[in-house]
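In structure tokens, one chain follows: the form predicted alone.
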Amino acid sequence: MNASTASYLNETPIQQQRISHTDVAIVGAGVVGLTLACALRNSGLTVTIVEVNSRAKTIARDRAYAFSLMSARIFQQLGLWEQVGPYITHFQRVRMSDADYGKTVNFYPTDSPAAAVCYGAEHHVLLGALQGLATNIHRLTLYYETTLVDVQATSTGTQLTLERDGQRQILHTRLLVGADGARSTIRDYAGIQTSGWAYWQSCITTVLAPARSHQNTAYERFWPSGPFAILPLPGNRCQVVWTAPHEEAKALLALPEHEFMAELRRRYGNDMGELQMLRPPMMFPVRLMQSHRYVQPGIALVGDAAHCCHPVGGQGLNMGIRDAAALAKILQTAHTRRESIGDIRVLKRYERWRRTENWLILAMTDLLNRVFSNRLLPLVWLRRTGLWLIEHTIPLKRMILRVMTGFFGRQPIV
């Protein structure tokens, strides 16, 4: 999440701007929040983003993502592909396998509607491009290092009390958008309940440098303890996303580096030769969450504030980017029709569009994890038969890839 001025030229000290008004206030200036703000660039609406962290801290997050074809198309529509495309990995193959089973499923660009199967993108590349575009949007203002102190409903929208450098400001907005992550303050303020569960697994991530080329190939290797993904990055680096039961994950992190790497190599394989760790491993919990609603009068949720999924398949960020693009389209259309952008009837159009599609992804990732993360013989036979069927049935393979890359359902245009 982020906050400062969309353009440093527009960055007005809070103490000089005691009371202000905006059409859309977005809490959170991460990838999803900034995608929404940039997608509204030609809408005629004024947008303000509030971010608790500094601009530098928001972009410094050391993380990479599977970046789907639909997310890439949205960035192309925003005019950002020249800044992003050369600095991300264009996957030429995605390979799925089940433990030591010899048969695999291989996805190639010929199976997809683009010249790549998917992409591997680092956080600083995506957010840097969005921040650069934001600095040139006249109607966009960002407040970095700004705390949201209070939220109050009014007859015309919502009143936010902001604090920065010990000074307070009142911001009135017609629409308040929560893009502030899984522990969303805006969702809590709105009283929106969630459903879901914490998994029995945790996720370990690290970045490696293999001795041999990764050949722009991504791997999703399913083990009984959980999925093990290898995401190729520029500079012949790879990010590993290793899912394991909580206690096993804690024990792995507690190992000396040489023992940790020995365990990692057992799952990684020898295709790329020796492995060098470039970043100490980190662990985070895994959960599934879906908000009971994404909207209420004058409020909308996007990204992790609305939903969270298992990391298998790399869907989380991509779902949020599609949320942002869809909400921007709904708001721009409503503004053109002179409808109130905070009206529940307008916002319900966004919820109907995205909530059902997100349910499909949540269910799919949950099913994948449960079917593959066990040793039950009937399920072992079923999933291995399924892998063989997918690899040998081209229409089925292409349909699955369309779902995984965002080319299903209604596609947003920004």
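When you see a residue number, it is the position in the sequence shown, counting from 1. All values reported here derive from a predicted model rather than from experimental measurement.
Heads up, the form predicted in complex with a small molecule isn't pictured, but that's what we're talking about next.
Engineer: Just to confirm the contact call: exactly one of 384 to 392, 52 to 60, 37 to 45, 351 to 359 touches the small molecule in the predicted bound form at a 4.5 Å heavy atom cutoff, so which is it?
Structural biologist: That would be stretch 52 to 60.
Engineer: Of Q315, Q201, S291, T89, which residue is found within 4.5 angstroms of the small molecule in the predicted bound form when only non-hydrogen atoms are counted?
Structural biologist: Checking each option against the small molecule in the predicted bound form, the one that comes within 4.5 Å is Q315.
Engineer: Which pick from P234, G181, P210, P297 sits with a heavy atom within 4.5 Å of the small molecule in the predicted bound form?
Structural biologist: Filtering the options by heavy-atom distance leaves G181.
Engineer: Is there a heavy atom of D304 lying 4.5 Å or less from a heavy atom of the small molecule in the predicted bound form?
Structural biologist: Judged by the heavy-atom cut-off of 4.5 Å, D304 is in contact with the small molecule in the predicted bound form.
Engineer: Look up in the predicted bound form whether W81 has a non-hydrogen atom within 4.5 angstroms of the small molecule, and give yes or no.
Structural biologist: Although the small molecule is absent here, W81 would stay clear of it in the predicted bound form, with no heavy atoms inside 4.5 Å.
Engineer: Would F372 show up as a contact with the small molecule in the predicted bound form if we use heavy atoms at 4.5 Å?
Structural biologist: Outside the cut-off, so no.
Engineer: Examine T205 and determine whether its closest non-hydrogen atom to the small molecule in the predicted bound form is within 4.5 angstroms.
Structural biologist: Output for T205 is yes: heavy atoms within 4.5 Å of the small molecule.
Engineer: Counting only non-hydrogen atoms and a 4.5 Å threshold, tell me whether L140, L327 and Q332 all contact the small molecule in the predicted bound form.
Structural biologist: Judged in the predicted bound form, none of L140, L327 and Q332 sits within 4.5 Å of the small molecule.
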